[in-house]
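Just the one chain here, the form predicted alone, laid out as structure tokens.
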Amino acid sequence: MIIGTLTRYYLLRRDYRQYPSYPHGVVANLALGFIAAVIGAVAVPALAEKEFTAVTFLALAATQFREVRNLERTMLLNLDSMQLVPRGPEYIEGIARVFEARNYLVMFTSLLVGGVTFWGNIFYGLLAGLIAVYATGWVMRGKVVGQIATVREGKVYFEGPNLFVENIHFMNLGTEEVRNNYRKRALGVVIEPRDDNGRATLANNGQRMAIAHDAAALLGVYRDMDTAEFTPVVRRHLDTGRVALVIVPIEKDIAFLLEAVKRVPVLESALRMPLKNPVGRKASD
């Protein structure tokens, strides 16, 4: 139970994503982690004593963690309407899926430690626990944009009222004051996919919303609720599959912006791998 609860604490992340909040969100997730650890730990002696009724009850309790995913999704969707730069439903679905999966990993860790301790000794149980904690951290790592694409600075410029980053058109800005703000403050980023898998992934609108949200969360955004013209925008070049971001940040630092974009997680729902299929490989040739 202790190892399982500590595993949930180890997997808990409080950063720019602003969830889980402190202290209530943290307490709620640690409580759920403790419950998952109890379920995993109690399963071993229940099986050893052939208490199959208890095991059935524990399995039923474990299925309730699906509700965690639904609750997280609903809560984050409600909060998203208040964001200056929304996460988007696909990013939120990924967060909810992660919170559900982490409880299952805690349950598995407790089950493993309990089993090794029961049929071995406490030393082997602690060793298995340390290995399991490390393994769960490794399993929960996903890809980031910097692994599927090259991220570099892009030149922001106007042709008349039309805003471009390199040769990618973004929007028409009719007000000279707004255009001047873009000239003074705006930064542009070009994201070039490394292969057809990256190109298909970056074509996903949810993935592009995640890039805009994370960039705004880390560097700030020069806008308020009634200044939609300063919302970070991500556009795609249809011929090459390149993606460009334009943002008017509070902190104008291109080096940190490039690093922020590189670290944006690749959403599970957005990940595409056409090169894994023979037809996709032949088409790419």
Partner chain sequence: MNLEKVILAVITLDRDKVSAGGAPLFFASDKEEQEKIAIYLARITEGVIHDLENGVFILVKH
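Nothing here was measured: the structure is a model prediction, and the numbers come from that model. Numbering follows the first chain given and starts at 1.
The discussion below concerns the form predicted in complex with its partner chain, not included here.
Counting only non-hydrogen atoms and a 4.5 angstroms cut-off, does L60 reach its partner chain in the model of the complex? Close contact is absent here: in the model of the complex, L60 is far from its partner chain, nothing within 4.5 Å, heavy atoms only.
A255, heavy atom within 4.5 angstroms of its partner chain in the model of the complex: Flag for A255 set to no.
Can D226 be called a contact residue for its partner chain in the model of the complex at 4.5 Å between heavy atoms? Yes.
Close approach of A186 to its partner chain in the model of the complex, 4.5 Å, heavy atom: No - in the model of the complex, heavy atoms of A186 and its partner chain never come within 4.5 Å of each other.
Report the residue, out of T74, T175, N121, N167, that has at least one non-hydrogen atom within 4.5 angstroms of its partner chain in the model of the complex. Of the candidates T74, T175, N121, N167, T175 is the one lying within 4.5 Å of its partner chain in the model of the complex.
Give me the residue from N205, Q83, N162, T150 that has a heavy atom within 4.5 Å of its partner chain in the model of the complex. The residue in contact is N162.
Per-stretch contact check against its partner chain in the model of the complex, the hit in 244-252, 227-235, 33-41, 62-70 (non-hydrogen atom, 4.5 angstroms): Result for this chain: 227-235.
Note that its partner chain is not shown here; using its position in the model of the complex, name the residues of 89-106 with a heavy atom within 4.5 Å of it, in sequence order. Contacts from 89-106: none.
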